[in-house]
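Next up: a single chain in structure tokens, the form predicted on its own.
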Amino acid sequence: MKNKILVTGGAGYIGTHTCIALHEAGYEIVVYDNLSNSSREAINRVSTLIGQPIEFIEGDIRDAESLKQVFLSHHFFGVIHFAGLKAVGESVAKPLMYYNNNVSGTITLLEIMAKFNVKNLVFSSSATVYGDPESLPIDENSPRSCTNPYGQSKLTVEHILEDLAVSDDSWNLIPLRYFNPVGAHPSGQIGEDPNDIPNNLMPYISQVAVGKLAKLNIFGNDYQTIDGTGVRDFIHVTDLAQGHVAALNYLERQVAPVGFLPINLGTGKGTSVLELVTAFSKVSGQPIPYQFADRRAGDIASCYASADKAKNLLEWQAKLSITEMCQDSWRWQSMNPNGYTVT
């Protein structure tokens, strides 16, 4: 058994898939999650998939005393920090809630980590920190700016991590800047289970395909792209999960601290909204009715990664295709039309 890892927000979409990847790589895991946007059923299913129970602690990252008890009970090599609110629209409506949870919560976590001398952190960041990119593909040195409080909360945490690395050179801080995670575990047992109406494109498409939603709104068809719709770098969530394992493996190999080391996780390829809709319809055999709507404020035309740094440093690259992303999303959605809700 390799080192023990604390996974905050480990009951969420990316967290559950990463727990499986960590287990398969030999890591021991402890999940800490307040279940505000996730489900205990997700943890139960992960336990079934890996064939053993997961140590799960219900708690909030803003609760210093609860976190302290967790660190007193375990000797961690490091933390993978997923716990955070993530809906762009909600962040615009409720900015204080986002800064409180995403920024204040991370500060509390870092303070407890420092107290227990746990200095390895893999942070769930986002390509939203790049704002509207000046050039494509986007590499890690691209300028950072944000168009909404969600993205700003991620960028603020990155600034905190940068300052922390300058103040104390014993820290290893890797923010992984995700592009657009989609897909589900190939078993169909775990996947993305949004509350209410989905904010992200793939679960919206899959809920239209399964008949839960009548049609897809495509925001904008007049962008300077291949077909006028927005272009994004979609990455399979299981590839993304392997990126976290690769980041931990990288930290285990280091003899000197790495400080602040941001790394993109993407495929390096852009796919338009219409291309994704067509691919999903082909895989599922279901029509995906859609209508065009006005562009949304803050949306950008194209966004895709340069993933060279991940390949060179972490020895990681995305392997799964758009077709496989659609197949796994459809398997999850069709097997679980109501997500983790047992009816």
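We number the residues from 1 along the sequence you see. If you're wondering where the values come from, they're calculated on a predicted model, not measured in any experiment.
The following text describes the form predicted in complex with a small molecule, which does not appear among the structures shown.
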Segment assignment from 113-121, 75-83, 130-138, 163-171: heavy atom within 4.5 Å of the small molecule in the predicted bound form: 75-83
Option touching the small molecule, based on a heavy atom within 4.5 Å in the predicted bound form, out of S126, T225, T156, S142: S126
Contact assignment for the small molecule in the predicted bound form, among K311, R40, R62, K68, heavy atom within 4.5 Å: R62
N101, heavy atom within 4.5 angstroms of the small molecule in the predicted bound form: yes
N34: touches the small molecule in the predicted bound form, heavy atom cutoff 4.5 angstroms: yes
Interface membership of Y178, the small molecule in the predicted bound form, 4.5 Å heavy atom rule: yes
Any non-hydrogen atom of I322 within 4.5 angstroms of the small molecule in the predicted bound form: no
